[in-house]
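What follows is a single chain, given as structure tokens, in the form predicted on its own.
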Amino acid sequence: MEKEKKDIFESIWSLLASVKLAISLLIMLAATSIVGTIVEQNAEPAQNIKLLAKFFGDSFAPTVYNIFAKLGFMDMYDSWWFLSLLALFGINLIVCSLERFPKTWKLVQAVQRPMSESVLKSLPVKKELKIKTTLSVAKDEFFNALTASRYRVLEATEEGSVQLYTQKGRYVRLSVYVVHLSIILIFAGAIIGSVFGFKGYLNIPEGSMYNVAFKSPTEKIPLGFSVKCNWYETLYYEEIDSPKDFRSELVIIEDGKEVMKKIIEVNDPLTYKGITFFQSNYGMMPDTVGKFILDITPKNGPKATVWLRYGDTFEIPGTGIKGTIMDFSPALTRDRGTGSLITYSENMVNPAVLIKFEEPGREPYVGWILKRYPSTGVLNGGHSVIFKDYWGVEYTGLSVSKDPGVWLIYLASILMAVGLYVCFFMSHKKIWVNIAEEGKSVNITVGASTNRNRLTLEQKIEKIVSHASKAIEGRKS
């Protein structure tokens, strides 16, 4: 019975240590990830059905969608089977590493010893030369050349010959396990983030506050605090309607107190208690009446900011000039055909407010003041009315996420970069230099081996031999 248990354990261990299993798991992860990339995750059914119709036709798209939904492809990266594949691949990688590590460690810890001249000549990298000099001089200069290349040189002496031997980078062989560890940490971070984190969204109108995010229209995620949007703003490039930046001012409120405030942009989110709010989209709220924010500045006088609604009247201090809000356009332009003013978008692309001005001793007049073009608010006499915003009619769209495993992924990325650099650009090099007397000359045999980058080692040997040979010639002269 004990033998059967042992056999079962060995079979499971052999399976988990199999390279074939690793390749199979990689293929499955790659294939499912392709589907997860094509199908938009956590999207509305109609959106994905429309997408699938391009591949399977309108009649089969709903059926394919239902199959994919049952298989978990609509939220694939959080599905139990995808996380199980990641976990199994991680276990496979750990077992493979444990299975092969002892052999690698034995190579790392192996003590380098002198070699016979015949064995040296059989090494992958070798160089032979004969120089007219003494054994002592040749030994000293090759020792100096190796030391100059930062090798720690050992020496073995026999009658009529001496051998110098050294190695560098023996721990480089462990770099592959650093890469394995980084992959395991990435998988661990992804699993931790999926199990203990969340991804959602939140559309907050200006001036509104929420204490939940939404994973779907019906599924709420409690935040543990409230987030408020003070204002939202789209910045445009001059003279064109292409957005340059999207900004929102968010406030974190906890226990009735403001604990944090930040203006977020597309690549500059707000993070509080591990929950991150990213600027993702924006829009106008239908059938909403907001407030006009105007900066009123009389000539040579102080600026005053007023908040007004449709039909409200204001006065420019000290001038007797009164203004009344008459109309608003979110995107005002002039029709090239008719020359009349028109609204060409429902979004606040080129917002403008129509104001009726009344001035003592003059006929009333009306004029459009455009937010993006402050010069339209400069009045006769040097006074100005600047349209700052139509507040309360836009919402800021936020992506909300909590990922407690992200620090593991950052750490793993650093480890992987270091491991891959060592793997590809460094190697374990061993060098032997045998110097034997022959009359008034010495025969020099240089042999070397490396686990990778053989060409680089050959160039290094050439450099060492050249350096030592020139030094020997210099001592002759």
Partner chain sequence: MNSSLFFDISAGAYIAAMVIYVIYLVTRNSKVGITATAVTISGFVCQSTALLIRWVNSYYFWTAEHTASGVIESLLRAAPLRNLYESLIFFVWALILAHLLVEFKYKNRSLGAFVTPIAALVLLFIDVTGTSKEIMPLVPALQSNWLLFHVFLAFLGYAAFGVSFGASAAYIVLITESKFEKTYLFWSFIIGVFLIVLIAMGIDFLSLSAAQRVQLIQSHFLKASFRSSSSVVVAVSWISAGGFFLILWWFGYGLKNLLTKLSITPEMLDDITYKSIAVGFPLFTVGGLIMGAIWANSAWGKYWTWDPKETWSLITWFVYALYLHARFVGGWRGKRVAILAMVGFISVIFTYLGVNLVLSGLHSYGG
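Numbering follows the first chain given and starts at 1. Note that this is a predicted model, so its numbers are computed, not measured. Superpose the two forms; the largest set of C-alphas matching within 1.5 Å is the rigid core.
The same protein has a further form, the form predicted together with the partner chain, not shown here; the description that follows concerns it.
**Q** Any chance F424 has a heavy atom within 4.5 Å of the partner chain in the predicted complex?
**A** F424: yes, in contact with the partner chain in the predicted complex.
**Q** Since only the chain is shown here, I'm wondering whether Y177 would be in contact with the partner chain in the predicted complex (any heavy atom pair within 4.5 Å).
**A** So Y177 does not count as contacting the partner chain.
**Q** Is S399 close enough to the partner chain in the predicted complex to count, meaning some heavy atom within 4.5 Å?
**A** Heavy-atom contact with the partner chain at 4.5 Å: present for S399.
**Q** Does at least one non-hydrogen atom of D245 fall within 4.5 angstroms of the partner chain in the predicted complex?
**A** Yes, contact at 4.5 Å.
**Q** With the partner chain left out of view, which of G290, P269, G90, G197 would have a heavy atom within 4.5 Å of it in the predicted complex?
**A** If I apply the 4.5 Å criterion carefully, the residue I get is P269.
**Q** Just to be sure I understand the contacts: of A53, A69, A417, A43, which is the one whose heavy atoms reach within 4.5 angstroms of the partner chain in the predicted complex?
**A** Comparing distances to the partner chain in the predicted complex, the residue within 4.5 Å is A417.
**Q** Picking from 118-126, 188-196, 347-355, 319-327, which part of the chain touches the partner chain in the predicted complex when contact means heavy atoms within 4.5 Å?
**A** Among the candidates, contact is made by 188-196.
**Q** Hey, which residues along 88-124 are within 4.5 angstroms of the partner chain in the predicted complex, non-hydrogen atoms only?
**A** Only R100 sits within 4.5 Å of the partner.
**Q** After superposing the rigid core, is the C-alpha displacement of S401 2 Å or more between the shown form and the other one?
**A** Where the cores coincide, S401 shows only a C-alpha shift between the shown form and the other one that is less than 2 Å.
**Q** Does M74 move its CA by 2 angstroms or more between the shown form and the other one when the core is aligned?
**A** Comparing forms between the shown form and the other one, the M74 CA shifts at least 2 Å.
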